[in-house]
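Coming up is one lone chain in structure tokens, specifically the form predicted alone.
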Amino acid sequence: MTLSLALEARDVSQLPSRRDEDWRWTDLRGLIRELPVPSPEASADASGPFGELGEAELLVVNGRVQGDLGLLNVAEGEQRVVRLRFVSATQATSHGVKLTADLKPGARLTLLESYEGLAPDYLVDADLSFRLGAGARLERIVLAGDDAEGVSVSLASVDLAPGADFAQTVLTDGARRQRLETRVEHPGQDAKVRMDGAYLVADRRHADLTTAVTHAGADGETEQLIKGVVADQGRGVFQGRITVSPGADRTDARMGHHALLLSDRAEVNAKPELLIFADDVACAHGNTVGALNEDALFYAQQRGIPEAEARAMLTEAFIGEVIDRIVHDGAREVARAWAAERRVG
């Protein structure tokens, strides 16, 4: 059961529901009783959140590609920075899109990916596939700016060759329902994965960051850091699974999820998992959910900082560790500005 299948068949019974273990906190079938009509052709004139960063832009409006798909295919030894924008431009409509990116051996791609909701009540599915050749490197920075009444699902499937390097940072403030999922096939053999994310969720918004990494061979590395801040009646979901398959010896895999609850009605559901079927590994995971540090808040107020401003400063500092790990300088500054604009608390 997937949103993609439901849209293709125009059948709500194909929607995932709480009966599906991986979807129990992001129930779509219980929310959507009837699929919205297919989205019409539309345009998007304004620039996206990454402005003019990079050499080129690939625009997808209401599921229709406007631009050169070849931008996602990077030749051996080539370097490229591309803005990839997914825009939902019409109210009460639905659409899906499937894209593939192919990085040849030694290629370098920085992907500045954004989700932009310009109207309410849409239903959208994005299915992305990334193939990285030997020694290739992809840094994917995602800003998810869906409308508060939108429903958005994105699935990124990543297939790594030996020696490849995949780095990802996903930042979101949620939607009516939103799920940003990443699945990585890790070969070991000196390939490296960094998968980070942060959610800043307020009002009644919902953000779901789900990840799965499968280590199939020896000598692989995965590092993951997810942080969240939830206020009002918002809900944050993190599901992270790292599987170390038989024979994937000397795997180094570390996962951390840490969240702050700024309201008695805010909710965080977290399920970090390590499934280890190999020997001689270094694997660890951590998960914490708590309140803002009252001592730090009192300290700031004693120095004349108003409470609201002090709370905003502390939450920005809390997720700042995630943003600081972004390699691309321009994207890192855009991400900092994004976080500053979405203060919660």
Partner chain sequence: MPAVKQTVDHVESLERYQHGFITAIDQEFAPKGLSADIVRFISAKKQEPEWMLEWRLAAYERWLAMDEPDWAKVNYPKIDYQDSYYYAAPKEKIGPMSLDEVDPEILATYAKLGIPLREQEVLAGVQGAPKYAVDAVFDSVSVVTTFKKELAAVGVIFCSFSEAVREHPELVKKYLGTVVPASDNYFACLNSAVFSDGSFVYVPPGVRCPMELSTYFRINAAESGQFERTLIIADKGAYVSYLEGCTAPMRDENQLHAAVVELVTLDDAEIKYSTVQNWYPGDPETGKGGIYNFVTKRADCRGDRSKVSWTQVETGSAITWKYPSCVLRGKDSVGEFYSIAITNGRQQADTGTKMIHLGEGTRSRIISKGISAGRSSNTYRGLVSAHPKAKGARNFTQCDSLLIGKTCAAHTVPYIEARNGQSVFEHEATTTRLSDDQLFYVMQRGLSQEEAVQLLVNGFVKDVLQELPMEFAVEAQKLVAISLEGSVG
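What you see is a predicted model; the values in this text were computed from it and never measured. Numbering follows the first chain given and starts at 1.
As for the form predicted in complex with its partner chain, it is not shown, yet the points below apply to it.
**Student:** Could you tell me which one of Leu261, Leu138, Leu143, Leu225 places a heavy atom within 4.5 Å of its partner chain in the predicted complex?
**Tutor:** Selected residue: Leu261.
**Student:** Check each of Lys104, Lys192, Lys271, Arg80 and return the one that places a heavy atom within 4.5 angstroms of its partner chain in the predicted complex.
**Tutor:** Only one listed residue qualifies here, and that residue is Lys271.
**Student:** Among 47-55, 22-30, 313-321, 63-71, which stretch has residues whose heavy atoms lie within 4.5 Å of its partner chain in the predicted complex?
**Tutor:** Partner-contacting stretch among the options: 22-30.
**Student:** Is Thr288 part of the interface with its partner chain in the predicted complex - any heavy atom within 4.5 Å?
**Tutor:** Yes, Thr288 sits close enough to its partner chain in the predicted complex that at least one of its heavy atoms falls within 4.5 Å.
**Student:** In the predicted complex, does Ala75 come within 4.5 Å of its partner chain, counting heavy atoms only?
**Tutor:** It does not: once its partner chain is placed as it appears in the predicted complex, Ala75 has no heavy atom within 4.5 Å of it.
**Student:** Would you classify Ala231 as touching its partner chain in the predicted complex, given a 4.5 Å non-hydrogen atom cut-off?
**Tutor:** No, no contact at 4.5 Å.
**Student:** Closest heavy atom of Ala202 to its partner chain in the predicted complex, within 4.5 Å or not?
**Tutor:** Ala202: no, not in contact with its partner chain in the predicted complex.
**Student:** Heavy atom within 4.5 Å of its partner chain in the predicted complex: which residues of 258-283 meet that condition, in order?
**Tutor:** Going through 258-283 in order - heavy atoms within 4.5 Å of its partner chain in the predicted complex - the hits are Leu261, Ser263, Asp264, Ala266, Glu267, Val268, Asn269, Ala270, Lys271, Pro272, Glu273, Leu274, Leu275, Ile276, Phe277, Ala278, Asp279, Asp280, Val281, Ala282, Cys283.
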